[in-house]
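Below sits a lone chain in structure tokens, taken as the form predicted alone.
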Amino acid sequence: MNYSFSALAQASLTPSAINELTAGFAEDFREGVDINLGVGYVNDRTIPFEAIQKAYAEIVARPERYRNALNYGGAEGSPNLRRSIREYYLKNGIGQLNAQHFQGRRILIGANGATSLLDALSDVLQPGVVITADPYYYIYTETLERKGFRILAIPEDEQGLDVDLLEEAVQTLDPRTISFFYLVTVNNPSTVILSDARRKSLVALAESLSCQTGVKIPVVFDKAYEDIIHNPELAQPVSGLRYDTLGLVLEVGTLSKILAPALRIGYALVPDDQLADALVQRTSDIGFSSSLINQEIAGWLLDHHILVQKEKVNRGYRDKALYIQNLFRRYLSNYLESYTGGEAGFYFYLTLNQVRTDKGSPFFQFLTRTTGDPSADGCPEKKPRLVYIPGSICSRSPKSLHQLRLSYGFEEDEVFERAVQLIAEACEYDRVASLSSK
């Protein structure tokens, strides 16, 4: 007998590319031997353990302010945390927003980080075309496709999604089929920062299409990595909310990258309309917003510790990015065509010169020790392995076959040096294998 599966469940029976890639590697991962640069973990040294302990102690000692902090919370989120997020924006000029930009908007807290809010959005909007940048955030786009959405991925340049190319592509679409825009403002995987001019143009295009169809087409700006724009020479971006005149813009943020992922705090600034009502109900359906004690801790950290924390985090990632760029020059100068990254977030997106990186390539097989050649793989014990995210998972362009994403958030400097050395060895192995096959 078989189950009576929904269409979503049927689509979920086939593992996603990233699920399949990481599952095989994780099964026999050897700590201190193998290297995982595929996962986007933050560095443990950036997590404010002592401040979190202090926050917890103060919260449980003040029940008059933090009511029922160890009990259930509401679906919209802790009033204290929502107030703290608003004050964090206003006191620090985040996105150049002022009090007027918060009028007619609600701050919602997700059930389990920012991803839960994005998932809720895909539950309440009618499936259709989702406009995003290429390369794209593969985890969410694969989720959308399993739910029946279609991805229109528009190539990016140094300013982000190319609006001219998007306008050409939209001419071939029935605008009534567009569900929403999804824009990661510091793109994952490329870490290209979406320029202010592009944000303004994208909101204007969505407003034009909405007026044309008579249906609101939301523009979702996912600012997960904006708090860690660590190049001090770069100006902080302007929020897309400043360009919103029709109530189309949603700004989704997270405290995972700047505070601690385990707090599971994702939030959204949403127009105060039926979409907000539907998102809150969706959060209620799956068990309220994030753990209330975690929300109160996060709010306390925003009120008392955020500036010190941001400086520490950004200084650490800046030093690490500069160190890794030196490794690229030292070990990969003969193989590296170009790369993006090193100014924000904790990813580098590499384009190799005539070396394929997709699953099944000699490069991939060398790093996973699956070539079948004992001198490359190791025998009987496998040599150190390295996992990365192939560009073919993140993009549909032919160039993606020569690209890869490396996460430098979690591993320490000495581990990353070993990783870059392995990449150089894999490039050389690929070239020798290519010559021998001709």
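One rule holds for the numbers: they count along the sequence shown, beginning at 1. Not measured: the values here are computed from a predicted model.
What comes next is about the form predicted together with a small molecule, which is not displayed.
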Heavy atom to heavy atom, is A224 within 4.5 Å of the small molecule in the model of the complex? yes
Spell out, yes or no, whether the shortest heavy atom distance between Y137 and the small molecule in the model of the complex is within 4.5 Å. yes
4.5 Å heavy atom contact, Y89 and the small molecule in the model of the complex: no
State yes or no: in the model of the complex, is some non-hydrogen atom of T115 no more than 4.5 angstroms from a non-hydrogen atom of the small molecule? yes
Which one of N294, T254, T132, S239 is close to the small molecule in the model of the complex, taking close to mean a heavy atom within 4.5 Å? T254
Within 4.5 Å of the small molecule in the model of the complex, heavy atoms considered, which of Y317, F366, Y182, F348? Y182
Within 4.5 Å of the small molecule in the model of the complex, heavy atom basis, the matching stretch of 256-264, 153-161, 78-86, 195-203 is 256-264
